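Shown next as structure tokens: one chain only, the form predicted on its own.
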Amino acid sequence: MLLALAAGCNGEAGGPPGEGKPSGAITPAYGDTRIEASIGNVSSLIPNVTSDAASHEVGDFMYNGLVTLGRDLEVTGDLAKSWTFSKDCLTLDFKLEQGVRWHDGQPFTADDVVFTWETTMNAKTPSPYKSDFLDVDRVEARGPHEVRISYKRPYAKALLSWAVPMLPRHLLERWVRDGKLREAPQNWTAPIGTGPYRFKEMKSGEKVVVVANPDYFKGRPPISRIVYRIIPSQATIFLELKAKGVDVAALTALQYKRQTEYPAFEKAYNKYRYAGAGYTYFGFNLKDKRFADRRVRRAFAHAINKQELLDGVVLGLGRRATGPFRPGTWADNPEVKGVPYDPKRAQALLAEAGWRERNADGLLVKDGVPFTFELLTNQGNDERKKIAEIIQASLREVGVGVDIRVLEWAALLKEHIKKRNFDSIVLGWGTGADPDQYVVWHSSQSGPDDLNHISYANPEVDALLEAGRSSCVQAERVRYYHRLHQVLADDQPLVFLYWRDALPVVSSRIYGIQPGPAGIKWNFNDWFVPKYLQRYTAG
């Protein structure tokens, strides 16, 4: 995955520690607290039933999957120490690590793997990840530390799908049986995993605190405590950074380029920049007949100057998006050029769709109704607010009125996205190591707990998604995904805007960071603070 990375200061082991540095090598030490900031609130402490990034970031502290991704996006063992795949791609055998215990002291066994699969596929479980296991025929515990997964047909993501967090049968079985998993105390007050950190406390909308697991099967993590602070404003997060109240955060492009280039900040923090795995989009509720018309969607795409967005919003720290596949990866189709900026073509397409007349306010009118709609985005993200304003101005030029509404993150998800109660949205999608995006684009994934938020349905897209995930041969998958890229670019079910560079910043007292194609957090449980730089006492 061609991810160009540029680290500020001393990239591999943390930044310049400043005065008082002892002679000799920096050695790992136990202790201290790491404070991380996020603008998004956590929707549940059981990540298997959530789709928001904040819940999964916190979940990573406390849970393990059978496999995980390494520095170079390679699949490595987590709770599984080894695995074998049959030549016909229909049988996957895992051997599990021995001696692993849940945070309450109970042993982790193969039966918990079976339970995690049963829970995910339970009709009463509101999980958006069911599609990863649709082709699983059965999951069998073949002893306390061996699991066999049998597939009905080959599935390209079979191995990677088992990165799903494992769940404890002894605590959750009755909640799943009664169809009340979202009511279990593990959602908010008592999550139990096998991970490097144990839950300590949560104040919704404020913070989640976890502490190092002394019995972690890979060894106790050096940093004693992590405080995950929910700060719903990028500007406020930046103020906290300058006051050294936060150790890890994401910078905006403006902050990265123009507001952090001074000695005190460069001494206190390391800045990193690499090609991000997420794209920003302008999406529509396709149940609205106005947006169901492909000509209208393409008109909007022609009306928006994406280069203006890149230059004005992220200051060039990103790349134009033509579809949902990361540029430079094998699934990305380099022949797809996207929709060019062309306001005249936008007006012509709107006219073809029946939007020809204008009222006294200059707005296009059809059947006596002016073309106006509401655009929603999340609070605290200044970049998305700027995007919304540019879209508003661009569409006004072609006779379409846009009313912007900025909502708190949790309310936006619960009251609008899940309920499909919106006209249009400016949000982003993150992409994984595998290009399969069945859960986002397939027509079967349009339920309230699913991820096809825009209610997109296209038979050819469905067929390509099904074919792409059912082959074990990459050359075949390339053909399917290149065609899928072209179809989505032509259809514009949403307007693909840009891929934003990731711009994380980390306190220079934190060492052990090893940037790579997977970013900087792939080995977060190895980070440490040398004794002479420790700032907090864990409690």
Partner chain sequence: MLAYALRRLLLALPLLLGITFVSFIVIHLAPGDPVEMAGGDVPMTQNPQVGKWREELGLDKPLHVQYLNWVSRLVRFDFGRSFAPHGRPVLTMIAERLPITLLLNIVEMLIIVTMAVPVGALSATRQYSAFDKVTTIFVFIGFATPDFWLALLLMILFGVQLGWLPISGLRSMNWEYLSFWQQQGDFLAHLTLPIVVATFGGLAGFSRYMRQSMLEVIRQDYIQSARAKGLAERVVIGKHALRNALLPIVTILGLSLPTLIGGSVIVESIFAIPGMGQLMVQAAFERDYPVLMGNLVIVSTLTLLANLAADVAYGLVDPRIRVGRRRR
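Numbering follows the first chain given and starts at 1. This one's a predicted model, so the numbers in the text were calculated from it and none came from an experiment.
Keep in mind that the form predicted in complex with the partner chain is missing from the display, and what follows is about it.
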Point to revise | Answer range among 354-362, 187-195, 449-457, 419-427 for contact with the partner chain, defined in the predicted bound form as heavy atoms within 4.5 Å | key: 187-195
Check your understanding: Thinking of S43, S233 and T236 as one candidate spot, does the partner chain come within 4.5 Å of a heavy atom in every one of them in the predicted bound form?
Key -> yes
Practice item. Determine whether any heavy atom of D111 comes within 4.5 Å of a heavy atom of the partner chain in the predicted bound form, and answer yes or no. Key: no
Exercise for review: Flag V487 as yes or no: does it have a non-hydrogen atom within 4.5 angstroms of any non-hydrogen atom of the partner chain in the predicted bound form?
Suggested key: no
Check your understanding: Is the gap between S127 and the partner chain in the predicted bound form 4.5 Å or less for some heavy atom pair?
Key -> yes
Review point. Should T50 be counted as a contact of the partner chain in the predicted bound form, where contact means heavy atoms within 4.5 Å?
Key: yes
Practice item. Could you spot which one of R182, K271, H145, R298 gets a heavy atom to within 4.5 Å of the partner chain in the predicted bound form? Key: R182
Check your understanding: With the partner chain left out of view, which of A502, V478, I35, L69 would have a heavy atom within 4.5 Å of it in the predicted bound form?
Key -> I35
Revision key, fill the gap. Residues in 189-206 that come within 4.5 Å of the partner chain in the predicted bound form by at least one heavy atom, in order, are E201, K203, S204, G205, E206
